[in-house]
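To begin, one chain is listed below as structure tokens, in the form predicted alone.
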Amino acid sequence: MHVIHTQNELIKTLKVLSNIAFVPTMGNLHEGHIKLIQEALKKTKHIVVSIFINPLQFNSKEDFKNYPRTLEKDLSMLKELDVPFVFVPSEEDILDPLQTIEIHLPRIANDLCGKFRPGHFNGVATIVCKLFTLIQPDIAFFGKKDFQQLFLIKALVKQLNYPIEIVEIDTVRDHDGLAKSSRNNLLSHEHRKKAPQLLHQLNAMKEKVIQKTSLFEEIEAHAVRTLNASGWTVDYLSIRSAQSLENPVHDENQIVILGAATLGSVRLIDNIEFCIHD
């Protein structure tokens, strides 16, 4: 396994390779990341996994400081998976000291998670573009747990004409349904037991949407009240079009319900995607 720390070394190493697959991460790897890597390994032997905790996508210095850092364990895991290339740049190497240029994203980037984390997706998109430019992958793998992020990256690749195939991988869940996330490690024992309530509410909302017994606004409001009453602080629980992330039109069939809520000091996100059949 070749661990690369600078962009110059990365470019020199990869320029002789073709059919490159890319899996971007912020480290603290879990089963969700492993699934992405395993799917990439089915496509090509030239795989690059990046580990970079992107300061541009954090709204809070405290959140950035507390993000789990487990580089030694991550590298050991990647070695066991036979990942050939790992890119671990320093902040100084990947970010310009000024960094005044950012990607202008569509309006939907300021809704849902973007409403509660201003500038978050601009920060994500800026680093993703940098990594795409440096690595020049043919294919890149992203998880569906970050549905809004995936939606925006697909739009970015299409509209900026990146010759990259984006592969979407289903959310990997724990035994009780909690979506795998690096932030799960920050949950207290009691909060970890309560964490599956988020998915439970999303599923309850799904059933009401399918039954068509209530207005979407009423379904959302009831779910928010239920989670808040259970000790959560809900940012949003929202029923959207899976195609546009806008509010569904009356005959919409492809639906995604997205949620973000904080338990203790840990913010969790999740979503479920489904079709309404007449």
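Being a predicted model, the structure only gives us computed values, none of them experimental. All residue numbers are counted from 1 along the displayed sequence.
A second form of this protein, the form predicted together with a small molecule, is not displayed here; the remarks below concern that form.
Residues 128, 142 and 149 are all found to lie within 4.5 Å of the small molecule in the model of the complex, as judged by heavy atom distances.
For the chain shown alone, residue 54 is a contact residue for the small molecule in the model of the complex, at least one non-hydrogen atom being within 4.5 angstroms. Among heavy atoms of residue 34, none comes within 4.5 Å of the small molecule in the model of the complex. The small molecule in the model of the complex comes within 4.5 Å of no heavy atom belonging to residue 259. By the criterion of a heavy atom within 4.5 Å, residue 124 is counted among the residues contacting the small molecule in the model of the complex. A single residue from the set 234, 242, 26, 209 has any heavy atom within 4.5 angstroms of the small molecule in the model of the complex; that residue is 26. Between 54-62, 218-226, 40-48, 244-252, the stretch whose residues reach within 4.5 angstroms of the small molecule in the model of the complex through a non-hydrogen atom is 54-62.
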